[in-house]
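Starting off, we have a lone chain in the form predicted on its own, written out as structure tokens.
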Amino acid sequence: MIYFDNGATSYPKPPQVIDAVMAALSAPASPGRSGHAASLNASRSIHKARKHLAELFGLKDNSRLCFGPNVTWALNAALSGFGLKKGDHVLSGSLEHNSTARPLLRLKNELGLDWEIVPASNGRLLPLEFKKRLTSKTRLAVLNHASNVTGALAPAREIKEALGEVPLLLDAAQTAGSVVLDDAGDWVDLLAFTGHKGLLGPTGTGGLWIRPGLDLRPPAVGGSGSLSESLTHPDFLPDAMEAGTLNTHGLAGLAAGAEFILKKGVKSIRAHELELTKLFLDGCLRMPGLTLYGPGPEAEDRVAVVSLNLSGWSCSDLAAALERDHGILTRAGLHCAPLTHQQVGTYPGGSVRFSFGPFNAREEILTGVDALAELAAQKRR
């Protein structure tokens, strides 16, 4: 098996991640719910995850890093808790995932939110286009840091500079752990991330960082392990955003994944993934009948995600043939991002997505290129 579906979830997980999950599952503990040693150890594993992620993202106060089940939870928590009201103006890019688009549409329909989509130019989002659309009623901007379809990396810091005082909610689902973000605490206002992709952790983990000075309405209230004498939910972070028992074993694995990345270095991971992506794109560019979407092979402003279509093949049949005949796992379809596919002209048919990770090798990339060439030749015959 050759795994080219890291954009969905990373594989394989480092052995340290699996060991940490198993150790946490084997412990009789619930974090923050008891005073015995096992419970304290569980709390320490969650604190370890906060500490390592804060270091990765350049966050000075890790107590403002709140854990939840995934980045979808984080984006919903940010958007629903921000206090948006009728007539408020919100900007987003045109390469957003449904995890952003659907909650924005719901707020538009239910509250009368003025949601404006900033179109990409040649597959790229431009800071000036955000600045041109600012009004006195603009309350928030939402940005997918990297497209899960085309791999295009948005100039997020430059867009934030163009926004000025307007807060930025950054969706780092495809960049956390694989793109350097160690200064995010200096310019991002709300940072949403997932644990099971570039951070190499288990599924069921993710979170939201909230900059000082911003207060969100918690998405849920209930048990928190603190202020148990009061019926009022805590108003301090992270407890305010973490009602209920956290995914302790998942976060123990996430802590191990983040520690692995810190030791290896995000710059090293980024360089490796970019090398693989360029190698793949170079091979595809010479292939008759193959259409690529997104930045070119020379571009640095992309992540290790490539979408394509091959003449004579539907995307679903092509993905099936890659797996059946070559043992290559990809993802076909619309990738939960119809706005992006409409932007690049692949809606409603979709495309086949190849997404590479830190454990892929050059030999696997070359095998993938050869497989596509063989399948292209089948149709030409």
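Each residue number is its position in the shown sequence, starting from 1. Note that the structure is a prediction, hence the values are computed from the model and not measured.
From this point on, the text means the form predicted in complex with a small molecule, which you will not see here.
Trainee: Sort through 91-99, 307-315, 241-249, 113-121 and report the only stretch with a non-hydrogen atom within 4.5 Å of the small molecule in the predicted complex.
Mentor: This holds for exactly one stretch, 91-99.
Trainee: Test of understanding: in the predicted complex, would I159 fall inside 4.5 Å of the small molecule by heavy atoms?
Mentor: Close contact is absent here: in the predicted complex, I159 is far from the small molecule, nothing within 4.5 Å, heavy atoms only.
Trainee: Although the partner isn't part of this model, could you tell me whether T150 comes within 4.5 Å of the small molecule in the predicted complex, counting any heavy atom of the residue?
Mentor: T150: no, not in contact with the small molecule in the predicted complex.
Trainee: Check whether T277 has any heavy atom within 4.5 Å of a heavy atom of the small molecule in the predicted complex, and answer yes or no.
Mentor: T277: no, not in contact with the small molecule in the predicted complex.
Trainee: Hey, in the predicted complex, does R302 get a heavy atom within 4.5 angstroms of the small molecule?
Mentor: Judged by the heavy-atom cut-off of 4.5 Å, R302 is well away from the small molecule in the predicted complex.
Trainee: Is every one of V71, A146 and H196 in contact with the small molecule in the predicted complex, taking contact as a heavy atom within 4.5 Å?
Mentor: Verified in the predicted complex; spot residues all in contact, yes.
Trainee: Quick one: of L190, A141, A173, L125, which gets a non-hydrogen atom within 4.5 angstroms of the small molecule in the predicted complex?
Mentor: Contact check passes for A173.
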